[in-house]
Structures are given as structure tokens and as C-alpha cells.
Ligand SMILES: Cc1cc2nc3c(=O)[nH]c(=O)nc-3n(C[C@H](O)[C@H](O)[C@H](O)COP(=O)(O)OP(=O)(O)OC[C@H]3O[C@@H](n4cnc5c(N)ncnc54)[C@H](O)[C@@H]3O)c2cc1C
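Below sits a lone chain in C-alpha cells, taken as the form predicted on its own.
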Amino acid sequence: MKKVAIIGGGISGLYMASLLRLNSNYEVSIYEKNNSVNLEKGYGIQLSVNSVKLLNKIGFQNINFEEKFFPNKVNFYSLKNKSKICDLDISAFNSYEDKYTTLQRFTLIDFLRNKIPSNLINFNKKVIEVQSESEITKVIFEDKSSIECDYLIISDGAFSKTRSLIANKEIKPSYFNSIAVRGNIDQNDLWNIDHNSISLFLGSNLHSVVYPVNQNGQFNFIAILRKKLNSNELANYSLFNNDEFVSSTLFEISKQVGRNIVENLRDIKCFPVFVSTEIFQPKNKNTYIIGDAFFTFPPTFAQGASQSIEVAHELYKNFENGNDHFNKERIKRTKMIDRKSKFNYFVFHFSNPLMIFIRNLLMRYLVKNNRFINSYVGKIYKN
């Protein structure tokens, strides 16, 4: 039986562990640096069909219906004149059981955590050293304990310390010159939009998204605002918890989004957006990187969680089939999604009136062009 150590208890790590537990050839354990799995309620995630199909293999379809939502469309609006531009039918990629799904992040994490016996998740395990000799990898933790494994899977987030340790250099994502603001809002405080769909509002150097996270009228709000920060501001992460900074950011957003929405937000969080600039490939053939540690995408194709699930499933199939093409295929697909996410960001934030007019005109045509949609969206959703 092969021993597998997973560093990180987020979406990708938990899903990978749940898959490996289906195969008696592997003994899997998770090592999480925090003292618990993050079960903070409130914030939403979007899961496109490519990931829902994979999650359903371990029973995701059995989650309580009230705890998730199945939007059929993405409605695009102009923040300048508050009018609808067009809509995209995302239900076209659905099947009977595999549907585009929105829900609270807590709901997904709790589902995945319950797939893993509690004794297989080890908390307060901060990695400080990784030693690879022959076919065995030794992982040493800050508490002076250590483990040996046949396979090491790194899934400890965008700022992965374990990735830097095995690379013998610091690998950090890059600031994307953007700030994100998240919050929760009730259906009754959202006017003049379709409550059964995802609403995407395009503004000047800003876009925002509102979508339902369950069947009870609760919605997630996120706004992405272009904003340059200097190195001192980025190094001072407490800045994003500073009331004055958060208030000034909300005020800037409210100039376009509308005060009625901003003033009704709850559980507000503000944070900088970071993205990957490179894909690091471990030299040790028995070490793999998945989730945000593998690559962190811009948040403009809503593929963060879906790709974390997809990459874990791909690695599991790699284990089953005994091939070594995991990174080659994954890198190609990752670069494609990254390009499209960055292009969306560029298009969503136009400020020039002529460019906005041309964009809106093209969008109205392209969302009804099946060939374009199958190429631009389908290549991601139909993994």
C-alpha cells in the first residue's frame, strides 16, 4: 500500500483525499497548518459543469437541495446606464444531474470534510522541510514531528510555503492590480435583476457579480476594482482590515454599483487579488502540486474552485493509469483558461465610451453564436 501525504486541507486537498480513499492501494493523510478546516459561513462559489460532474462521482448531488442553486443564465448589465446588455445561457452545458451550481463555500467544504475520517486530518502541521531520497519523501513539521510518504501532494494555497521549500526558492503569486470586496446580501435588497440568474455588472475599471448561494434568498456579492498598491501597502495585510481603507474602497465602488447595494452588504471582506505568473513543476516525480498552489487564476471566469477540483481528479486518474503526463496536459489547459480569464478582465473594465459601445454590440452577437460559445466557454465547461 502506497502512503500519500496531502499538504493542505482546502477544496483540492480534501477532494483528492476523498478520491484516494476509494482505492485500496493508497493510504492517505492530510496535514493542515491551521487548527481546523476553514468552515467560515457566508461567502459563495460558482461550480461550472466540468467540476460538478466530478463532484457527483462522490455524492455531491445528494447535498440538500435548499443549500445550493442552479442558475440558468449569466445576465450582463452596464453599470453606467443600469441597462441589460445581453445574457448567456449557461444551462446549455448542463445534463440531468450535472448542472452549473452556486452555493456557499462552507457547504462544499463541509461536504468534502465529511468524506474524510477525522483521524486522517492532522492539524497544526506547518511544513518546514522536505527531503526527497530515492522513492521516499520525508516531510518535517514545525512541531518537530515528521512523516515519510511514497507520494507528496502539495495543496496549501496560492502562497504555498511547501512549494517554495521543494523549489529551493520563494515562489509567490503576483498582485493583479486589483482589490476584491466580498459580502452577503438578501434578495429583497436587490432590485431590477433576475434573481434566478448570475448578474454581472460591467463598469469603468470595475466589475461586480451577484448570485444566489441557496434556495433561501441569500446572495453573494463580489466587486473587483482596479487599484494599484505599492510594496509597503501590499506587505501590510492589516491594511485590508482597516476600517478607513475598507470604507474608502466601498465608497469608490458605490460611485458605480449603487449605494442601495453597498449599504445593504453584510460580512464585508476586502482583499488584494493575486494571480500566478508561472507554473512550477517539481523535479521529484513523486511530488505533485494541485489547487491554487499549482496555479491561481484571475477571478473573471469563476474557475478557481472548479479547477481545484478538476486538477485533483486529473491527478487521481494519473495515479490509476500509471502515466506521467499529468503536468503536460494540465499546463496546456491551465494556460488556456488563464488567457481567457485575463481577456475577460480586460474587456469587463473598459472605460472608453467607444470601446464600451463596440464591446456591448459584439457581446449581444457572440452570446447567441453557438460556435463561438462552444469554443470560448464550452472548452472549459466540457472538460
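Owing to the predicted nature of the structure, the values given are computational and were not obtained by experimental measurement. Residue positions are given as counts along the sequence shown, with the first one as 1.
Another form, the form predicted in complex with the named molecule, is not on view; read the next lines as being about it.
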Counting only non-hydrogen atoms, which stretch in 369-377, 5-13, 18-26, 356-364 is within 4.5 Å of the named molecule in the predicted complex? 5-13
Is it the case that 46, 156 and 299 all touch the named molecule in the predicted complex, with a non-hydrogen atom of each within 4.5 angstroms? yes
Tell me, yes or no, whether residue 127 is in contact with the named molecule in the predicted complex, where a contact means a heavy atom of each within 4.5 Å. yes
Contact test in the predicted complex: residue 32 vs the named molecule, heavy atoms, 4.5 Å: yes
Flag residue 271 as yes or no: does it have a non-hydrogen atom within 4.5 angstroms of any non-hydrogen atom of the named molecule in the predicted complex? yes
Can any non-hydrogen atom of residue 222 be found within 4.5 angstroms of the named molecule in the predicted complex? yes
Check each of 304, 212, 183, 203 and return the one that places a heavy atom within 4.5 angstroms of the named molecule in the predicted complex. 304
Taking the named molecule in the predicted complex as the reference, which of 73, 113, 99, 105 has a non-hydrogen atom within 4.5 Å? 105
Taking only heavy atoms into account, state which residues of 61-76 are within 4.5 Å of the named molecule in the predicted complex, ordered by sequence. none
